[in-house]
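Okay, here we've got a single chain as structure tokens, the form predicted on its own, with questions on binding and movement later.
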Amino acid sequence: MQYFDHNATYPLSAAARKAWLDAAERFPANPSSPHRWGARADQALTEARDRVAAWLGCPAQSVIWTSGATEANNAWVAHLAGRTRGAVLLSGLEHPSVRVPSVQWLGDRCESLPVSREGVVSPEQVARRLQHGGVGAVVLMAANNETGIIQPWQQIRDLCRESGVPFACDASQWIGKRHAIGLGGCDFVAACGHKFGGPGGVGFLKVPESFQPLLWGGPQEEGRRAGTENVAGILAMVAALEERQRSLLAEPEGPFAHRSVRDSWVERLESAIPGVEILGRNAPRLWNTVSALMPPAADCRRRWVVRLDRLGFAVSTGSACSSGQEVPSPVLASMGYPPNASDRMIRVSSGWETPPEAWEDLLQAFLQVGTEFGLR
């Protein structure tokens, strides 16, 4: 099976696996325990926190460990609901772990940010809205999980800073694919290990000093997140993070070779199958991601992702329709696409280790399915 679903979960890296095994053996104790073994585990977490903070560019005490980005995003949304006044600006591009709790806790305080057809939020529009006043916070992901389209989060972070408005950024897809420098300047940053080669069930959240915890019941994380820390998982995640960040020092926007292969693949796909539309074709995108709307063909039971899976390729789709019910993508809707576009969306997401020949094999599989559907 050729794996092209790294945006969903990145396979555990060798560095993370080694770090996990080492930590499981060396630090078996609860970091909150008063004995020396507990102190050693706590010290390992402190050192890991320092390392993450150094990559983000923020004080170490502002980083807390979580069970992943879903918990992290829920935590800062709950904080904003209880500690801010005014409208909270967010786009339809946000991950459900941001969008759903925002509706739950913020209700009618949520205010939509316009999105262009290319899937980008305009800093100019945000600036005008901030000047109008009454904004309690601004929320914008760094890069979209469905399309790979990169958002101008740095510009909007700076606009918020100038206006004294908190800025929250879900960086789950950004970290590990682009350099993390500058993220520490955001008030809130959420990330999870399994998006860049760390284990599942672990992540981190950068918070301000005034942070109100989501989870209560223990003194862990200086009272900002109750629950025993997953020491082995955290150290494995940090090992994966550092492996990616060191690689990105030379190419902060991602490896050029991978981008070149991806772009060539897109051009050949468009040439071979008329009617293919690449989402965000002219917008900045993550180097590993292609989201394509395939030409209308066949019904849901014969959708592209199933045919490609049978040919040995794991890709993703923008709509889970195995039940026969269409589930429109809020991301596509915010970009102005009709609901029925979701069922034609295929997301291909590679990894650092994906060889060029795997892209070639995938292309041939796409062409085979296209022929079966009568599109070539």
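For every residue, the number given is its place in the sequence shown, counted from 1. Quick caveat, the model's predicted, so the values are computed rather than measured.
The discussion below concerns the form predicted in complex with a small molecule, not included here.
Just one of Leu308, Ala69, Ile346, Ala48 comes within 4.5 Å of the small molecule in the model of the complex, counting any heavy atom, and that one is Ala69. Only one of the listed residues (Leu106, Met141, Ala232, Val121) places a non-hydrogen atom within 4.5 angstroms of the small molecule in the model of the complex, and that residue is Met141.
With the small molecule left out of view, the stretch that reaches within 4.5 Å of it through heavy atoms in the model of the complex is, among 213-221, 84-92, 69-77, 270-278, 69-77. Using a 4.5 angstroms threshold between heavy atoms, Leu241 stays clear of the small molecule in the model of the complex. In the model of the complex, the small molecule sits beyond 4.5 Å of every heavy atom of Arg262. Shown alone here, Gln154 lies farther than 4.5 Å from the small molecule in the model of the complex, counting heavy atoms only. Not displayed here, the small molecule is kept clear of Ser291 by more than 4.5 Å at the level of heavy atoms in the model of the complex.
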